[in-house]
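In the structure tokens that follow, a single protein chain appears in two forms: structure 1, then structure 2.
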Structure 1
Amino acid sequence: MTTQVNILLTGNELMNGDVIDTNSVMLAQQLNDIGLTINKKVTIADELALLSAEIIQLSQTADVLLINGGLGPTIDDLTSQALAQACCVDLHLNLQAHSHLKTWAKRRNTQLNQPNLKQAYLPLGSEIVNNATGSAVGIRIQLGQCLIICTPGVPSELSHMLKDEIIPSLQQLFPITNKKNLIRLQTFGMGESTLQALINDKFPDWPNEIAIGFRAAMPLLEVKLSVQCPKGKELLAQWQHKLSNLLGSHILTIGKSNHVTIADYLVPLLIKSQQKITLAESCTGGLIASQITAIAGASAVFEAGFVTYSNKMKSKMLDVPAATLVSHGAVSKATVLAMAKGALAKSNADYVIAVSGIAGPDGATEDKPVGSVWIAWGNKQTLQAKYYCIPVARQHFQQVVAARSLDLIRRMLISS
């Protein structure tokens, strides 16, 4: 039997869209690391009756119920009270919690006030979970077959409590029997349905044991393979190898991490090959340069970028001939090639990207709709240019053009 974990999040700010919930992401990741997965996650407002009813319901289908939020000193913090109701016990002054609060106040050179004292009243029969940084202690209590643990809503306090107290104790209570193995392939260049169709087509014998998931992590598409069975690791390695061969250069990285951009991959690639890159940007307006320079160590591969938004500045900064702009227009093969040549000549770079397009909403002409873009890329020996039409909203367009451009250079580098 796998261990069932349910999560209950409480807070009006979570219900009205004022804050983004990152606590449950932290919970999920840390539980995953010790082989536990979340079964169900429920979020409700700070209302006593709703809270106690939900605690009862979620405790009936789980081995562990983690509650987050509602342990603070103010009147809208109701978790302790709701928990007492759900467990049919009274609230009482917990001496350990009281002592924690006194120490906490002393450290801050303040007196315990009435709202804070409320945080020492816990359900009878519960134990405290230490909070290394904040005033709110966690609460631990058994309800039927379910272990309930309440945690504070402040992310930094939750983080400490998980690391120091909760994760080690859960690991001891529920040791891993069948470790989950997983691998993530970050890809770029193929849509989700194309990729799925290709896998269906090429691997009719794909093993049932390996779950395959897709996640659109704009602009990348992540393919995640996971397996939880005896000899899972070997099986996974074997099929990951087959899939890598199938997808080839569409794969940026293979690993466990899920936070990768194309620049994350391109900058080390340039550092390794001791090559420098420069950029001549019109429609992306500095976005490609900012993605490169967001990566630590970028100064080794990047000296300058030219954001040439107007025609005049394309000529002035990059020596694009006025005649080219007049006869072909700013969004043309001839212009991006001239921009690329100019940027190479003016900088100390080996590689170059030049882009010119119509980000919209205005600027379209009869033969060049919004979303039109020319990308030139290459080095002093080889310059190429390609046209794309990406008819999406302005900022989305800029993101896709940046990703496409960086990917063109990436493919050139790995194939050279």
Structure 2
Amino acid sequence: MTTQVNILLTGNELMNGDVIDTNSVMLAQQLNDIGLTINKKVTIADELALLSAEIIQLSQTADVLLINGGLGPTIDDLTSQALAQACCVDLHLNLQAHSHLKTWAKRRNTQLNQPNLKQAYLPLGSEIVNNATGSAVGIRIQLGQCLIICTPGVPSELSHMLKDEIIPSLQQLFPITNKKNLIRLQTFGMGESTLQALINDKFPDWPNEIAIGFRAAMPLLEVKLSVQCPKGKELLAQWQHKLSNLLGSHILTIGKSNHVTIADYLVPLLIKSQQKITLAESCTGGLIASQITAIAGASAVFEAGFVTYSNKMKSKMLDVPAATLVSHGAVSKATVLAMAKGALAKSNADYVIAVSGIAGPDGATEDKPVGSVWIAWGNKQTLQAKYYCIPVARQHFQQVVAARSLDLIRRMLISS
């Protein structure tokens, strides 16, 4: 019998668009990984009567109801109160939740105030779900035939609680006998339609038993292979191998990783080869450096980068000849190659990326439209440069330029 799972998301900020809902995506992905699928998802505002009524209704059609949000210290955090009302019980001081709050405050060298203490009052008969990073514990309670689990709305807290507490608990309570096999391939450099057309062309005999899906998570594209029937499970390894050979270096990893930047894959390659990288950034304004230093262990491969936004600083910091800037302009092959050489000389790194472009909406010329960018990459022995035109919004442009730049070095490393 299929386990029925419903999700209830609460928060005025979700309803009015102040916050983008990423938590239900996280919940769906992790539930799907253990063979559970969501039957119904509801998002409602912070209104006590509305919340209580929805909890009752959703619990009547589910084995599990996951409630996300509304466990904080402020007056509009109403999940505990609504849950107590739906279960026809009172709120009471939960000693475990109170102890958790005191420990949380002590670690931060702060005093608990009355709004904080609100988070220790939970529905009578409920249990806590440990939250290793935040102030609000989760709540677990049975309502009729439905198990209700409440989690905070902070994505980082939800992520830890899912991994450490909730998913293992659900796996024990609702074991899946015919679990779906799922393989994720993280790819870069090919769009969904192009990839689907390629698969259709090369594999007209793709088996019906293996479902193929795509999830665009800029800058990466995730390709998912999923099977549930015995024949599909037998064929999965063979067809994964065929697809991997077809995509080649477009594949970053195969497994269940869910990284969001190519730096996640580049930094380990540099660490393994014991080589360092430097950067000379103009239009990306330090974004590439930020993505590299976000990875644990980056200090072993990255010592310095240069953000030279003006022509004056390109000359002063990277020794780009003034004549080059006058003759070719900042967005040119000659300039990015000079930036790359200057960064290598100043840092003594092994590899370099240099970028200069027009992010827009202003700054375009007739021969250099908005979205123009030159990227140089390589080492002291081999420096290359390539022109791209990426006519998208400013922030999207910067993200794509950063991703393409890092990927060019990644490809260079894996081919050496």
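Basically, rigid core = biggest C-alpha set you can superpose within 1.5 Å across the two forms. Residue numbering: sequential along structure 1, first residue numbered 1. Predicted model, so just to flag it, every value in this text is computed and none were measured.
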| query | finding |
| --- | --- |
| Structure corresponding to the form predicted together with a further copy of the same chain | 1 |
| Rigid core fit then Leu406 CA moved by 2 Å or more between the two structures | no |
| Exceeds or equals 2 Å, Cα of Lys368 between the two structures, core fit | no |
| Ile34 C-alpha relocation of at least 2 Å between the two structures, rigid core basis | yes |
| Rigid-core-fitted C-alpha displacement of Pro73 between the two structures (angstrom) | 12.5 |
